[in-house]
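This document opens with one chain alone, in structure tokens, the form predicted alone.
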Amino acid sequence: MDRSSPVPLYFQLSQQLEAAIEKGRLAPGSLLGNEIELAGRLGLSRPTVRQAIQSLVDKGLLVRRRGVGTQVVHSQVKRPLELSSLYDDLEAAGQRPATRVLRNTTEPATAEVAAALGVAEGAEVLVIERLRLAHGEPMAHLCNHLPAGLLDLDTALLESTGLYRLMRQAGITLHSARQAVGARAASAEEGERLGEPEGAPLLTMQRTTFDDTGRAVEFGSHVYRASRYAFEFQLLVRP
């Protein structure tokens, strides 16, 4: 703690604890010492420690359990807006990603999918529907459409790694994407699938990805739990 800093001590402590949780130094399920122990160990007052802990409880990073103490829960995933896969982002964040493939088949392209992929409406396209989990807990529902014949995607492979990694291994160079981010309330079906109550806030993302020749190679329509997931933006001032 920097006692000469104008930043309040409780905020310094909460930031250090939050960083330890996000970097995996404090794993989900870890128990913090009680307020008296932490205050004594850090040379801080109990109200300061209590305020720091409460700020992380409010963020959903800690939970107070009667008879157990203050416990670390899964941190919120903060994903930068760049051309990367959720699987790779979760893996980089130490979140132990897993995938449950719900569909891996072909179907006629709807008007929306056809327009995104640049194919005729009704043309056969590959559709992959997956549930992405972290630490065994649902994080997102992913639905991706790809042009038929682009690559052969085995269900077992899709459950072991990310789609973009498989595309790159097949020699497809992902170059750019057009993406829209939104939000909506969860339907009963979405809530049941993602472990959220009906009406809970969800983040949505639609992305069309292009290879280095300008060809559309993937159209994704994804839904994320807002309680566990956030998009991060970096904004620059125009010269």
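This one's a predicted model, so the numbers in the text were calculated from it and none came from an experiment. Superpose the two forms; the largest set of C-alphas matching within 1.5 Å is the rigid core. When you see a residue number, it is the position in the sequence shown, counting from 1.
Beyond the structure shown, there is the form predicted in complex with the DNA, which is absent from this document and is the topic of what follows.
Considering the DNA in the model of the complex, the lone stretch of 210-218, 62-70, 190-198, 172-180 in range is 62-70 [heavy atom distance within 4.5 Å]. Residue contact with the DNA in the model of the complex: Gly33 places a heavy atom within 4.5 Å of it. In the model of the complex, the DNA sits within 4.5 Å of a heavy atom of Arg46. Using a 4.5 angstroms limit between non-hydrogen atoms, Tyr229 is distant from the DNA in the model of the complex. Mapping the unseen interface onto this chain, Gln51 counts among the residues with a heavy atom inside 4.5 Å of the DNA in the model of the complex. Of the residues in 1-19, those that come within 4.5 Å of the DNA in the model of the complex through at least one heavy atom are, in sequence order, Arg3, Pro8, Leu9, Tyr10.
Superposition on the rigid core between this form and the one not shown places the CA atom of Leu9 2 Å or more away from its counterpart. Positional change of Arg193 between this form and the one not shown stays under 2 Å at the C-alpha, relative to the superposed core. Once both forms are fitted on their core, a CA shift of 2 Å or more is seen for Gly67 between this form and the one not shown.
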